[in-house]
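Presented below, as C-alpha cells, is a lone chain in the form predicted on its own.
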Amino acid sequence: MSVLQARGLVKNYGDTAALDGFDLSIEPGRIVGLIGPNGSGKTTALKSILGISYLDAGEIDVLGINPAHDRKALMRRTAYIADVGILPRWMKIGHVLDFIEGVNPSFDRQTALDTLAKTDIKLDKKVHTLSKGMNVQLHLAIVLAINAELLVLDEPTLGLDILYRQQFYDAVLNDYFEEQRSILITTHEVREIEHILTDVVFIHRGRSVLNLSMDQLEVEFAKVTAGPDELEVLRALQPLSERKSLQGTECIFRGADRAMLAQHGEVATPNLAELFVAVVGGQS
C-alpha cells in the first residue's frame, strides 16, 4: 500500500493558485525531495497532506487516512518538523515530553531521553531559551521517539550551520529511516540532500513539473560540456538549458543518446540544482 497518494490538489488564496492540480505519490521506504522556488506551493502541499490546510479540490490518502477528516489518527502515524519551532516556547523541555507522552501512545519517552542525552539540552530549560540548532535537536529527539511511518520535513535545517545540518540528516538516516518508513523533504539546500534521495519532485506554480526516481534521472538526463567548435551542433539538438562555465559551455538534454552526445563533448549527469534550473527555468 502506498504511504501517500495525492491527486489533483487545488488550493486558492483569493486570485492566487497555491496548488493547481498537484499530484504526489510516495511508496514505503522512499525518501522524496519536493523541490521548488519560493511561492511554488511546497508548504501548502505539506499542510494539506498533514490536514493543517483544507483544499478547494483534490484527494489525499495518507496511510489509508483522509487528513481532512481524521487528523488525530494521522498524527499518530506521521511526524513533522517545520522550518520554525512549533513547540510551546513557555514550556520546560521535561513538560514537553510529559505532554507528548500523554497525547501520543506511540511516543517512547526513554528514546527521547537517550537522544537528548547526546546534546546540551537540559530538561529543566524552557523552549524559548534554546538556540536554533538546539530547537531542531529537540524536535528531532521527539520525532525519533515516535513510531511514525511518514516523516515530513519542511526546511528543517534552515538557518543552521553546515555541521548541524550534516548531523541532522545523519541522525534521520541512521536512527529513523528503514524500509517501511518514508520521508518527504522540502529544502533550498538541494545539494545537501541529493545523495540521500530516492525520488525527486519539482513543483512550479502549484504543479508537478518533474517526478522521477533518482535512478530514472540518471538515465533520462545528460549534461554535455563542450568547446566553442561544438556549440552550434549541440544547440541544433535543442537542449533544455545552456550555461557557460570555466570548462566550456554546459548543455542539458533530456532523452538524448549519450553515445551521440559524447561525440561533441564530455558527458555527465546533471546535479539536482542544475536540473532544477534547466526544467523550471525554462517554464518561468
Partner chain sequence: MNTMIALFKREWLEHKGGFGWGPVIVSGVLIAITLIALVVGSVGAAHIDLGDMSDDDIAEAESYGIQLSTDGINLSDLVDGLLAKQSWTEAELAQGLDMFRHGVAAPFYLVYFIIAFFVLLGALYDDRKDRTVLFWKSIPVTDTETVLSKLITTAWVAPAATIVMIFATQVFFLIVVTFLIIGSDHLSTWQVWSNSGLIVGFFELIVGYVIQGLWALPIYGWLLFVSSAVTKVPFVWAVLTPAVPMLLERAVFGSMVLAKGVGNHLQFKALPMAAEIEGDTVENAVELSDIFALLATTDMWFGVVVGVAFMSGAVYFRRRNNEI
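Positions refer to the first chain, counted from 1. Everything quoted here is computed from the prediction, not taken from an experiment.
In what follows, reference is made to the form predicted in complex with its partner chain, a form of this protein that is not presented.
- Using a 4.5 angstroms threshold between heavy atoms, residue 207 stays clear of its partner chain in the predicted complex.
- Remark: residue 167 does not count among the residues lining its partner chain in the predicted complex, judged by a heavy atom distance of 4.5 Å or less.
- Taking the partner from elsewhere, residue 72 is found to have a heavy atom lying within 4.5 Å of its partner chain in the predicted complex.
- In the predicted complex, at least one heavy atom of residue 76 sits within 4.5 Å of a heavy atom of its partner chain.
- The stretch that touches its partner chain in the predicted complex, counting heavy atoms within 4.5 Å, is 52-60, out of 52-60, 236-244, 26-34, 217-225.
- Contact with its partner chain in the predicted complex, judged by any heavy atom within 4.5 Å, is made by just one of 162, 91, 173, 123: 91.
- Residues 99, 100, 102, 103, 104 of 98-120 are found to place at least one heavy atom within 4.5 Å of its partner chain in the predicted complex.
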